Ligand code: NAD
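As a starting point, one isolated chain is supplied in structure tokens, in the form predicted alone.
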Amino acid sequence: MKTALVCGAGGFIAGHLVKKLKSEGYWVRGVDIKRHEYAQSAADEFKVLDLREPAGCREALTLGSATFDEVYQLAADMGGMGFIHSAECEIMHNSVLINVHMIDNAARMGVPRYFYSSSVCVYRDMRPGEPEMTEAQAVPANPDNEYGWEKLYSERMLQAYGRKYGMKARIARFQNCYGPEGTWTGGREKAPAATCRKVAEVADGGTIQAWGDGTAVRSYTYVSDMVRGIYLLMHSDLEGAVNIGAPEYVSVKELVEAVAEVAGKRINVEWVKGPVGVQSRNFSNERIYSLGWRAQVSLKEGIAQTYPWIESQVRAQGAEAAGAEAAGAEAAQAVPQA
């Protein structure tokens, strides 16, 4: 039985990755600074550890007298565009520490295969309709945000350690990933989840707010497609960074329309000032295609699976708030009057 360590297993993509590895017959240890908010971990063992600390990394990697066959490093301090632009210092400090200590300890402990989750945020701003950008074109570098700079540095560090210690390094640059059991509220959620939440919260014919003017273009990758890409890449001979993303490019306006259609609602949008990020992202997926990978879930199909889950979360939160308010009112009435 192969063994795998999944870092960030208390989060969205890594939580789904644990399920994938279990379905492939692995013994899996999940590690994160917190447990998963929305799902029971499928890992054989889950440890709550702070991977910013060398001791936390060593404990995560220690498997008796054995060494993990594979390490999947998805732990990071990150979120949607609002968080990326408001927490630059936290992102660079926390995520760099995680990667510095995880890579160093994994290499010195003899881990043979190591996966790192990078991001298409390493690329420069693009204009809609520009030719697809390959992985090599990330350099000369000009990321739109500090999150992208941190990812580029961590990519280079992993590759350096891979060369020195003979550790097979696999690097995926994720495009926007979405699906059930992901962050949907609180400021760290990404555009698909935020849009689903906002639409779920308003009545038919209601109005939601969105940043920008609706013209920014993105590609959204459903979580099952992303996890399948991770697994294929890890077991391939592809060295260097590899883009993983669906080739279905849509504007933010079209994303809202897709969510509204799935919800069966007429939605109005008030476009407001806020952090939008780059105008467009358009990347070549030829490297991951060479492994036989293709996105299987369209945006409409993915939203059809994501929206009902987020809608149920919104309803549950509303019911909980109503219950707390009722309990508070009842307690107030029970207070003896002087």
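It should be emphasised that the depicted structure is a prediction, and the values quoted were computed from it without experimental measurement. Start at 1 and count along the sequence shown; that's the residue number.
What follows is about the form predicted together with ligand NAD, which we do not show.
Interface residue among Ala216, Leu158, Cys177, Met81 relative to ligand NAD in the model of the complex, by the heavy atom within 4.5 Å criterion: Cys177. The listed set Tyr123, Tyr147, Tyr222, Tyr114 contains one residue whose heavy atoms approach ligand NAD in the model of the complex to within 4.5 Å, identified as Tyr147. The stretch that touches ligand NAD in the model of the complex, counting heavy atoms within 4.5 Å, is 51-59, out of 272-280, 22-30, 300-308, 51-59. Among residues of the shown chain, Ser118 is one whose heavy atoms approach ligand NAD to within 4.5 Å in the model of the complex.
At least one heavy atom of Ala75 is located within 4.5 Å of ligand NAD in the model of the complex. The shortest heavy atom separation between Ile13 and ligand NAD in the model of the complex is within 4.5 Å. Taking the partner from elsewhere, Arg170 is found to have every heavy atom lying beyond 4.5 Å of ligand NAD in the model of the complex. The three residues Gly8, Lys34 and Ile98 all sit with a heavy atom within 4.5 Å of ligand NAD in the model of the complex.
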